[in-house]
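In the form predicted on its own, a lone chain appears below as structure tokens.
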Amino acid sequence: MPAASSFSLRRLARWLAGDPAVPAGPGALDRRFLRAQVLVRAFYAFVLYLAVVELPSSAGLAQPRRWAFLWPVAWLDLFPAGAQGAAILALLGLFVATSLAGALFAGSRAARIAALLGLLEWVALRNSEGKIGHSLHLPVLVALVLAFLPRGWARDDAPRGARLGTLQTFAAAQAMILLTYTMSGFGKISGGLWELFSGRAHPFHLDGFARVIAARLLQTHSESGPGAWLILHPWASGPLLPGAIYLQAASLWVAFRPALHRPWGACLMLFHLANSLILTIHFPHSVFLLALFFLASPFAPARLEWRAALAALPLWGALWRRIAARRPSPAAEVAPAA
């Protein structure tokens, strides 16, 4: 039975990995490892930047107000109302200190865990005002995964096991990022199917996205020039929502297709840009993390191979591979007569 299970897992791993997009030539492991090292350190520098940039606006949270503390900061309820402001300022100081420790001592697991806890506390505080925003969840999830980097990953002379473990942890962080998009996409699919079969307006209708834009702008009392134009021209907005749902729902597949890391990451960044311009929904931190983990992915090919990328596409890749298989190869073409 264990042998059969092992065989099944190996087949699953081969199916997920597909055809290797980056040939494993001499020194490939070292190059990928060194790039992953730099990118991990860049992530902790980003967390420190986040702490410093957000500190002035976050300091205003120390003013008296009504709170609905989430579980990571529920301990603030132990302080009387008059002392909560000082406790919140201490929390903000802790966030800056742990972020600095993570950036300076990223090779230490204790420092990475401290950076994770400081980030978690700050994000929980920001979301304890009665409304939860999702734009800061992704850095917390990435910090959680990177806390499991192997011992010695930051050393230039790290042994082969530590190098492989570093790349595996980095790949797990990429998968975690893409999983959040897939969950969002499948949530939209399930909600859209329920609306479709219950006879309501649904996202797969021609004017589905126009209705979403109108509802969002009315709800937030916002103005959007591109959004107003798309409401008046549903023929242009209609395909955008199903396309965005496909982009999100299929994202986890891309974690196992290095040929798609850069183009898919760029498309997700454009997705956030479109949401910002049309729906006034801003996810700047996610845009940075997509650039860091996918545009600079250590597993992506050095040059964009568009044929390999098309062949690796979820669902549509099978169609492209069938079309490509029917095209005659140059070697099979008959030479012209002399």
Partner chain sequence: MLRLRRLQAALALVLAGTLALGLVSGVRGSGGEVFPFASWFLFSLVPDRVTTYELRVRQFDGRTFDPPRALAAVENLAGSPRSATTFEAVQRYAQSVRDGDEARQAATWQALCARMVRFDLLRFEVVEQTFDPIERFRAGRAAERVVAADLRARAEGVPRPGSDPAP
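Residue numbers count along the first chain shown, from 1. Owing to the predicted nature of the structure, the values given are computational and were not obtained by experimental measurement.
If you look for the form predicted in complex with its partner chain, you will not find it shown, but the lines that follow are about it.
Looking at its partner chain in the model of the complex, residues Val140, Met176 and His221 each place a heavy atom within 4.5 Å of it. The stretch from 182 to 190, 259 to 267, 74 to 82, 92 to 100 that comes within 4.5 Å of its partner chain in the model of the complex, counting heavy atoms only, is 182 to 190. This chain appears without its partner; in the model of the complex, the one residue of Leu104, Ala215, Ala87, Ala236 with a heavy atom within 4.5 Å of its partner chain is Ala215. The single contact residue among Leu120, Ala114, Ala250, Ala244, judged by any heavy atom lying within 4.5 Å of its partner chain in the model of the complex, is Leu120. Interface membership of Leu240, defined by any non-hydrogen atom within 4.5 Å of its partner chain in the model of the complex, is ruled out. Using a 4.5 angstroms threshold between heavy atoms, Ala228 counts as touching its partner chain in the model of the complex. For the chain shown alone, Leu232 is a contact residue for its partner chain in the model of the complex, at least one non-hydrogen atom being within 4.5 angstroms.
Shown alone here, Val145 lies within 4.5 Å of its partner chain in the model of the complex, counting heavy atoms only.
Contacts of stretch 100 to 129 with its partner chain in the model of the complex, defined by any heavy atom lying within 4.5 Å, are made by Leu120, Val123, Ala124, Asn127, Glu129, listed in sequence order.
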